[in-house]
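Take a look at this single chain, the form predicted on its own, given in structure tokens.
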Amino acid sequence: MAAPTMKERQACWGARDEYWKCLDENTEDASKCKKLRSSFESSCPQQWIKYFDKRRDYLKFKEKFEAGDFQPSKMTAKS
């Protein structure tokens, strides 16, 4: 895979930002953001999509944890 050009990177990041904004505005209801998800997937390399999805999950977890809203699952609490 060739490295994306600056224009391609900017298109990817823009599509990612629009998709994440949609998720934030719709309380994580991904069904309302299907078109933006498709745009995100068509604008970014697959490896980047996986990374960005994991990154968003981590950032949301961190946000909840720092706000004191994190509740460990029953399985985690038993270990």
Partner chain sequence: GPADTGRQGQPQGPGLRTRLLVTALVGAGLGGAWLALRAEKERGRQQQRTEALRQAAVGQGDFSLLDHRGRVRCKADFRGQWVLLYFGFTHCPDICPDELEKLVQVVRQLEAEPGLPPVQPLFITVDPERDTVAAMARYVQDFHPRLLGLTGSAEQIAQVSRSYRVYYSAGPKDEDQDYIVDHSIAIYLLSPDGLFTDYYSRARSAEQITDSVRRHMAAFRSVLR
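Just so it is clear, the structure is predicted and the values come from calculations on it, not from any experiment. Numbering follows the first chain given and starts at 1.
Omitted from view is the form predicted together with its partner chain, to which the following refers.
Heavy atoms of Lys35 never reach within 4.5 Å of its partner chain in the predicted bound form, leaving it off the interface. Although the partner is absent from this view, Gln47 contacts its partner chain in the predicted bound form, with a non-hydrogen atom inside 4.5 angstroms. The closest heavy atom approach of Lys60 to its partner chain in the predicted bound form falls outside 4.5 Å. Using a 4.5 angstroms threshold between heavy atoms, Lys64 stays clear of its partner chain in the predicted bound form.
Contacts between stretch 4-18 and its partner chain, counted in the predicted bound form as any heavy atom lying within 4.5 Å, involve Thr5, Met6, Arg9, Trp13, Arg16, listed in sequence order.
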